[in-house]
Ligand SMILES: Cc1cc2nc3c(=O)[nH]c(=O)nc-3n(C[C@H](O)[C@H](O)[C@H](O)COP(=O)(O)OP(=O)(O)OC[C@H]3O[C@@H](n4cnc5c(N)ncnc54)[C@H](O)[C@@H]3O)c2cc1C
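Just one chain follows, in the form predicted alone, and it is written as structure tokens.
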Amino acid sequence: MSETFDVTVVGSGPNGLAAAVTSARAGLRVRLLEAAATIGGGVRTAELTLPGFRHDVCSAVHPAALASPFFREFGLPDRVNWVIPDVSYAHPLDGGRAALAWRDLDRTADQLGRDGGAWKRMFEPLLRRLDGVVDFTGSQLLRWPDDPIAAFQYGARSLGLGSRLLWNTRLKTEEARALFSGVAAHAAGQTPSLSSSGAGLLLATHAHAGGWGFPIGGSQAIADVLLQDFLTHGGVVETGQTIRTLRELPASKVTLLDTSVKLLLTGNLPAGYARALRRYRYGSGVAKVDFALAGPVPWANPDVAHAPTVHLGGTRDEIAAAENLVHRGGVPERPYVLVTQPSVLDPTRAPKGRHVLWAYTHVPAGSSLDATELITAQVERYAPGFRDLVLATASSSARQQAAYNRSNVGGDIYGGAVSLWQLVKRPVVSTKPWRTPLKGIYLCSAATPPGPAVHGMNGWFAARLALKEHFGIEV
């Protein structure tokens, strides 16, 4: 690594790739370092179980990708072949019941019966001001939003849905409450809370707007098209390069870190900044299981088969109890499980007639639990006969998730706990939180605004700031 570069990017997840592409397109000499043998970070696809079964190693479905300003400017919607399902997500309940979030808001409301009007009133104003909602949620919060009305509408709804006193007042039926609780539980935190309700509200808004799309062939397609653009603009990639301390960084004018804040703590930081980073908190871990199946999942409610994304865990109260137990350090017998079944709409993911299933559940940070049986039992609860279809499994505990990717501290795939305070302080309270006190070093991972998800915005913001401050380049 003796060659001199203008910019070094550490980590090739979506944010690292966004930072690398942005810098290379500005005409700079850019080097991208990745510890693994392949690039992609959270958007890798591999044959984890059996030959011909293509599983997403980390993220699988990308609600934020199609709405991301960075990806729109990059042209991702046109450069990757997408599946945009008619049903964004489903939530089965006992007794063969299920609630479905159709991309068509009216169809969803019609299905929800007496809660249909309340569901439409929640989302119609946000859909009308979607760009304002994306702007407000897609950057750091210490600024005046471009669309204050959209920000107020989004914030007021998040507050009402996240209040323990109010969370059951807007929606009355078990189906509607479960439909929202399942999407809010993506945030992997205490339930109810403002952060989980805000995350759920944003994800559900995307579900009724551009939809919950995913690339044909797997998430690796996102990394591949970004990498190709980077190489086309003269970028250099070096895999197998693990950076454990800042002292190991090669010399360059600017360094962008798509890593956890722990790497920054190996540097000579000002005392106040170091204290702020040490107070930064990580959330629950994730235990993941991939399944190779002999056929489609035999859902008790056949409508669930139309949804590539399925939330399991029962009623709102059951999901809250399970998530809060994990938050306290326990493991529920009936956990919340996030499932994707991409092969129902993408036949390239498995041999003809076969299917893949991707599933994870939240567990205490650092847990070594193999969640295969817990997840299998929850799927079987809503799809009797599922066990008989399993050809092979690949399990990854929270501890293994952390070993696979050093940014997933304790198995936290979100780069840090998703709480209201840590959405403001991510990782420090600043109007430019991507900049660090160390000259030329910027943080661009999910530990910076706007937080987790495959949208590339963290890397885009950090790179644009660095280019302006060190090279006088406005992009």
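Every value quoted in this text rests on a predicted model; they were computed, and no experiment measured them. A residue's number is simply how far along the shown sequence it sits, counting from 1.
FYI, the form predicted together with the named molecule isn't displayed, but the following is about it.
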query	finding
Stretch in contact, per heavy atom within 4.5 angstroms of the named molecule in the model of the complex, of 34-42, 427-435, 47-55, 66-74	34-42
Contact flag, Asn405 vs the named molecule in the model of the complex, heavy atom cut 4.5 Å	yes
Contact of Ala60 with the named molecule in the model of the complex (heavy atom, 4.5 Å)	yes
Heavy atom of Ala446 within 4.5 Å of the named molecule in the model of the complex	yes
Partner contact for Ala417 in the model of the complex: the named molecule, 4.5 angstroms, heavy atom	no
Contact assignment for the named molecule in the model of the complex, among Gln140, Gln400, Thr376, Gln241, heavy atom within 4.5 Å	Gln241
Of Trp102, Phe230, Trp358, Tyr282, the one that lies within 4.5 Å of the named molecule in the model of the complex (heavy atoms)	Trp358
The named molecule in the model of the complex - contacting residues of 254-284, heavy atom within 4.5 Å	Asp258, Thr259, Leu263
